[in-house]
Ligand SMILES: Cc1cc2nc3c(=O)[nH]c(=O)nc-3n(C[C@H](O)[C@H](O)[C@H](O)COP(=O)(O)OP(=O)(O)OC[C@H]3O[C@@H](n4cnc5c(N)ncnc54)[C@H](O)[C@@H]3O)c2cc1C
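Before any questions on how it binds or moves, here is one chain, the form predicted on its own, in structure tokens.
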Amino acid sequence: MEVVWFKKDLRLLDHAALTAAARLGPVLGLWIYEDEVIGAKDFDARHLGFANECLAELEADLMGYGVRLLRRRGDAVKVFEELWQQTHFSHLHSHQETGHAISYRRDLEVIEWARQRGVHWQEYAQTGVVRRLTHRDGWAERWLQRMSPSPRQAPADLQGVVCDLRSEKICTAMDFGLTLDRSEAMRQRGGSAQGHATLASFLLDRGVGYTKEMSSPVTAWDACSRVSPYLTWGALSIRQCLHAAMDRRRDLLEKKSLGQRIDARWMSSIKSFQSRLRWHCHFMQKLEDEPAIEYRNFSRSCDGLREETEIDAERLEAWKQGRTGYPMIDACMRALTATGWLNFRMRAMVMSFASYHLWLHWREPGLHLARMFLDYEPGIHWSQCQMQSGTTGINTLRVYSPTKQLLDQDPQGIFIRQWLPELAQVPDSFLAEPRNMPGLEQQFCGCVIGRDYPYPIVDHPTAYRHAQEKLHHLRQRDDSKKEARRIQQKHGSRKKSSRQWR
């Protein structure tokens, strides 16, 4: 039999491991509920719920070909050993995974187990990430070459194994002692069908104003693609998304050539979406090349800038709960808890606030966001956490003003009032800084600062100056400049490929 180990690639189509296995013989699918992964600090019940929804659809799709999806729980090596004792399988297929330290260590253990048992484990590329990359020169061209072939269809020769093997029940949050999914009522649902429907609605309708509407939390919920959770769990592949975008672009150009009117915004929106698919892999490549960035500063000159062991627990908790006294921060944090999603600008802002205004080491805030983001992708996540904390050594320092962001992105308070009901009656002129309301106005609108809504946890100008002075001084040091050159050489983007996506 050919065993296909499904990890974060929960789909039937464009699945290299499944396609290769089907060519060689009958297939048995395997999914492992790994206690160490599910019990890790970056995991949440929302992740398990979404994965289970993807698994249910995948299992039904495989059964249509007579292929079983075996569910097991436990340590991966122990699961494989038990399965090997039962079947003496000799071939294992899976996609490469660029994950956190736990998955990296687990893969090394599986490699050693497979060697001892004489099992041939073949891994296949799923994204544009390149294993054992020596330098970044030409990476964009290699990405394009990998993404250019059309997405794979379901294997025509796919067939299942006739066997009588036990399968675990579907494990839920309660089985692992996880806090119940706080986003279940409002988060996106898992599965490839839902992923394709989400992608189609973006490319055919919602995405027309993407480039202009992605920054505001008022418009981003509809204008952004929202396919990121499906990419994280592999219900969609990067290649499927890229080719769907290229097909849409060709369709629009054809309509235009026939004299039909098309909205001029579509071309820039599709181009921007395609660029972000490449950037998705660009950031994952950073973690592939340097796994330590999950828990260690990109730039070692930043060691000691903030101490991970000296976190201000009160500030951290206020930030998590959306009780900082800055409405834009608080609305974003509450929306994230309830839905599992924020648009990119707001993600950058809340992380920047934790790092610069509250002066917290990026690791603990990063772990909280990892649990909250339904689309948590370690390679992207930890790079972004460090970018917004000023510890990459090469990226522009951005200290967002929560007040300015509210005035720019939600001047009418639509998003604020949705997630901060205590501010519902506050006049627009005071929404950005409710502490400035006169006492009588506070009484009139039912929002007394310090009682119904907190005073700002820090003073923005003071926190801004402190962060700027610390980082500016740090970056002027010779060791910081030397580190910046090293990081740019290893991780920095190169000139974009001259070829176009057509």
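The first residue of the shown sequence is 1; numbering continues from there. This is a predicted model, so every value here is computed, not measured.
This next part talks about the form predicted in complex with the ligand, which is not shown.
Novice: How about residue 226 - does it come within 4.5 Å of the ligand in the predicted complex, if we only consider non-hydrogen atoms?
Specialist: Yes, residue 226 lies within 4.5 Å of the ligand in the predicted complex.
Novice: Would residue 343 count as a contact of the ligand in the predicted complex, using a 4.5 angstroms cut-off between non-hydrogen atoms?
Specialist: Yes - in the predicted complex, heavy atoms of residue 343 and the ligand come within 4.5 Å of each other.
Novice: Can you work out whether residue 279 and the ligand are in contact in the predicted complex, taking contact to mean some heavy atom pair no more than 4.5 Å apart?
Specialist: Contact with the ligand, yes.
Novice: Answer with yes or no whether residue 377 is in contact with the ligand in the predicted complex, where contact means some heavy atom within 4.5 Å.
Specialist: Contact with the ligand, yes.
Novice: If we take heavy atoms and a 4.5 Å cut-off, which stretch out of 69-77, 401-409, 120-128, 344-352 is in contact with the ligand in the predicted complex?
Specialist: Contact-bearing stretch, as computed: 344-352.
Novice: Pick from 231, 423, 432, 270: which residue has any heavy atom within 4.5 angstroms of the ligand in the predicted complex?
Specialist: In short, 231.
Novice: Consider the chain as shown here, without its partner, and state which of 286, 95, 100, 381 has a heavy atom within 4.5 Å of the ligand in the predicted complex.
Specialist: Answer to the contact question: 381.
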